[in-house]
Ligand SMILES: Nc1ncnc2c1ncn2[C@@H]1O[C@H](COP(=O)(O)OP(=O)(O)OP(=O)(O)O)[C@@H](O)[C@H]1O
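First comes one chain, alone, set out as structure tokens in the form predicted on its own.
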Amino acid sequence: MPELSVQNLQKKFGNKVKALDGVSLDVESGEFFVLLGPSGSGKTTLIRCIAGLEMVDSGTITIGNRVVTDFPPGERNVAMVFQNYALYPFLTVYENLAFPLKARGRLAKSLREKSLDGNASKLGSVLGFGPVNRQTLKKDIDDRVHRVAKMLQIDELLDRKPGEISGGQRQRVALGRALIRDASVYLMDEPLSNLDAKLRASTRIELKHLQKELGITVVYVTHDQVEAMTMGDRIGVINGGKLIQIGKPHDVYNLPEDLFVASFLGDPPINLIEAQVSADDDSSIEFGGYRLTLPGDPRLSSFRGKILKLGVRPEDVTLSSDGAKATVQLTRSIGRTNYVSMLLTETQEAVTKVTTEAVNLKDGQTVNILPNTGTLDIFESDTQKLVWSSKKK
């Protein structure tokens, strides 16, 4: 059974803004699941609904074996890391880390006083933390704070306040405040977006290592495709409140199901070249004045006369003596990687080639390009959906 199951969530803000439109997903125990999408796509709204910070209009949320759709946040047993850290500035690092555990103790005490049978073990189960013992709570908090602080390498900062430490250190405190909880699911809303590039890269590795070491279930929100591809066991691409595609990063990158997924993953982005099925052969397409025979048996006759988009990754563009004519616009090198930007002379579609081989081309030079026929995707412009791929077996 999945640790987290979301089924057909609908969420509107007012009468016009549909933030979530029938979102469904399952996250397995111990999985690092990444929600990837642009700003305004609904990814933050989704995890806020899971946390109980936003109430859904319809649909169900199940955590563990409990349907928690109508539960308040405190009874869902989730931990959340916010993009802006959300630390208490007047508390020390130690006190910020300890706060969730102290709040747990206060809530347990309140429930105990309201219960009819006074069964502390039963109350602890309601909270999702196990039995709460007031006599050992203080020692338990101290042990956990020091263990988490050491794990995140902030144990020397425990006496400082957030304003006295760096942004990267504050982010570690925010992560520690979530990890100190024995939560069923850990929700992270772009937690690394405020870090510089170098620190962000190293923190990604540390966070992924911690997640595997602790065996925790994480739903991680980001707009950064590199973050998604390097951290996620699976990724879900979301746009316009809809989950468009879910899969392993490699699978989503190599076999996108629609134009948005294809264009959102990849740097430089995928080339999407206007093409049409040949009038006399439904196994050939034409683009940039060139006719390309597709491998296998594509059977594209039903798309004849329609505008198609030929998807080819920049690394799969070949310079050849044959092929569509293109004009070199710009060549640039970044380290050992060379980028060649071109325009197809007839359709004026931009094309980029990426290679580690030396490039001796001049701006304005005419070249012939061929896509690698083993890595082609064809999308229909109207529906935006994938209609054929040479990578499908």
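In this text, rigid core is short for the largest set of C-alphas that superpose within 1.5 Å between two forms. Start at 1 and count along the sequence shown; that's the residue number. All figures in this text were calculated on a predicted structure; none of them were measured in a lab.
Although not depicted, the form predicted in complex with the ligand is the subject of the following passage.
- [ ] Spell out, yes or no, whether the shortest heavy atom distance between Ser283 and the ligand in the predicted complex is within 4.5 Å.
- [x] Ser283 lies outside the contact set for the ligand.
TODO: With heavy atoms only and a cut-off of 4.5 Å, decide whether Gln83 touches the ligand in the predicted complex.
DONE: Contact with the ligand, yes.
Open item on the list: My question is simply whether Pro38 lines the interface with the ligand in the predicted complex - judged by any non-hydrogen atom within 4.5 Å.
Closed with: Yes, Pro38 is a contact residue.
Open item on the list: Considering non-hydrogen atoms and a 4.5 Å limit, does the ligand approach Glu190 in the predicted complex?
Closed with: Result yes; Glu190 sits at the interface with the ligand in the predicted complex.
- [ ] Name the residue from Asn338, Ser341, Thr62, Thr44 that puts a heavy atom within 4.5 Å of the ligand in the predicted complex.
- [x] Checked against the cut-off, the match is Thr44.
Task: Stretch from 345 to 353, 44 to 52, 330 to 338, 360 to 368 whose residues place a heavy atom within 4.5 Å of the ligand in the predicted complex - done: Of the stretches listed, the one contacting the partner is 44 to 52.
TODO: Determine the residues of 1 to 25 with a heavy atom within 4.5 Å of the ligand in the predicted complex and present them in sequence order; the list may be empty.
DONE: In sequence order, Phe13, Val17, Ala19 come within 4.5 Å of the partner.
TODO: State yes or no: after fitting on the rigid core, is the Cα displacement of Thr230 between this form and the one not shown at least 2 Å?
DONE: No, shifts by less than 2 Å.
- [ ] For Asn84, decide whether the Cα shift between this form and the one not shown is 2 Å or greater, given a superposition on the rigid core.
- [x] The answer is yes, as the C-alpha of Asn84 shifts between this form and the one not shown by 2 Å or more after core alignment.
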